[in-house]
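First comes one chain, alone, set out as structure tokens in the form predicted alone.
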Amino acid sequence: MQVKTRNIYLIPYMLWIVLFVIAPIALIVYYSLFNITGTLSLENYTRFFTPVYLGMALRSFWYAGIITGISLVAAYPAAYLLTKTEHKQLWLLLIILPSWINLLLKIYAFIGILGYYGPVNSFLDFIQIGTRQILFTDFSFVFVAVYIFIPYMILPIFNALEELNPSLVAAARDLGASSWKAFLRVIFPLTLSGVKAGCRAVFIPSLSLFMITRLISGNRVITLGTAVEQHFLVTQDWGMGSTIAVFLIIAMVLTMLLTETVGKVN
């Protein structure tokens, strides 16, 4: 009787998975099998393995790696300091709060901040450096992306640090380990699960960015996410757009499996 009740509770979850995970993926795979004329073929998959799309894929992984790396370097010390401060939950809320704001609003805010007549250039002009073209550059793209994604890196690392037993660190220090060695041998390995979760939360969505590339970098940065948007909304080549989406899904699944494997090996 208890097993039957448990199975009933699983029904909403299974319906959600089927309707909003399995069905959309199946639909994407289905559309990827048709070329722009509506003919069933594997033309889209052969087109993907050409220098144009492979170059986009490499750029997507390159920028996603940069964004993830910078976010990790900035987030780990921030999360560590949060665990040592008073009112840590309040500070954590202030860090997470910007993620509740609409993404488009944040991007338009940065367009004003980084623009030629924005406050950043006004400050540079005030200190006699002169105005610079900050917007529509690789730097502005990476900077804004890191700002948007860094809360998703801080939160899992913070949780992992909070669960760390401080007596283990104290024992390492008592045995003669320096602060740096205690971090490398004790703190970081025991919080690796938070690091992996944060890297997944940043790297996977960074692979398919398109709104930031269009509005912040002015399409100077062309990634697979940009190509998907163009094929669906501009060229109306839904088959090629779906094919790119299939490869993005495969890349995301491989990323999750790889991080899990690394964690088990360690």
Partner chain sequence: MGKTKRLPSIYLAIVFIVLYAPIFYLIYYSFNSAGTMHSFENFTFDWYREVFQDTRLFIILLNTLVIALLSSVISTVIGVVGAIAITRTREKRFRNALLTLNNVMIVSPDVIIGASFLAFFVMIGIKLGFGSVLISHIAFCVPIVVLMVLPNLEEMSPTLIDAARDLGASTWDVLIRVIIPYISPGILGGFFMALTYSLDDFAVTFFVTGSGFSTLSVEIYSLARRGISLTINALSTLIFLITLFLVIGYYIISKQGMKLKEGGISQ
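Bear in mind that the values here come from a model prediction, so they are computed numbers and not experimental data. Positions refer to the first chain, counted from 1. We call the rigid core the largest set of C-alpha positions that still match within 1.5 Å between the two forms.
We do not show the form predicted in complex with its partner chain, though everything after this point is about it.
Visitor: What is the one choice in Leu175, Leu168, Leu124, Leu97 with a heavy atom within 4.5 Å of its partner chain in the model of the complex?
Guide: Checking each option against its partner chain in the model of the complex, the one that comes within 4.5 Å is Leu97.
Visitor: To verify the annotation, which of these, Ile134, Ala182, Leu190, Ile113, has a non-hydrogen atom within 4.5 Å of its partner chain in the model of the complex?
Guide: Selected residue: Ile113.
Visitor: Please identify, from 68 to 76, 126 to 134, 160 to 168, 182 to 190, the stretch that has a heavy atom within 4.5 Å of its partner chain in the model of the complex.
Guide: Careful reading of the contacts points to 68 to 76.
Visitor: Would Phe49 count as a contact of its partner chain in the model of the complex, using a 4.5 angstroms cut-off between non-hydrogen atoms?
Guide: Because no heavy atom of Phe49 falls inside 4.5 Å of its partner chain in the model of the complex, the answer is no.
Visitor: How about Tyr30 - does it come within 4.5 Å of its partner chain in the model of the complex, if we only consider non-hydrogen atoms?
Guide: Taking the distances in the model of the complex, the answer for Tyr30 is yes, it comes within 4.5 Å of its partner chain.
Visitor: Is it the case that Leu42, even though its partner is missing from this view, gets within 4.5 Å of its partner chain in the model of the complex, heavy atoms only?
Guide: No, Leu42 is distant from the partner.
Visitor: Please tell me whether any heavy atom belonging to Tyr147 falls inside 4.5 Å of a heavy atom of its partner chain, as the geometry stands in the model of the complex.
Guide: Tyr147: yes, in contact with its partner chain in the model of the complex.
Visitor: Using a 4.5 Å cut-off on heavy atoms, what residues in 215 to 249 are near its partner chain in the model of the complex?
Guide: The stretch 215 to 249, when checked against its partner chain in the model of the complex, contributes Leu215, Gly225, Val228, Glu229, Phe232, Leu233, Trp238, Ala245, Leu248, Ile249 at the 4.5 Å heavy-atom cut-off.
Visitor: Examine Leu15 after superposing the rigid core and state whether its CA is displaced by 2 Å or more between this form and the one not shown.
Guide: Yes, because once the rigid core is superposed, the C-alpha of Leu15 moves 2 Å or more between this form and the one not shown.
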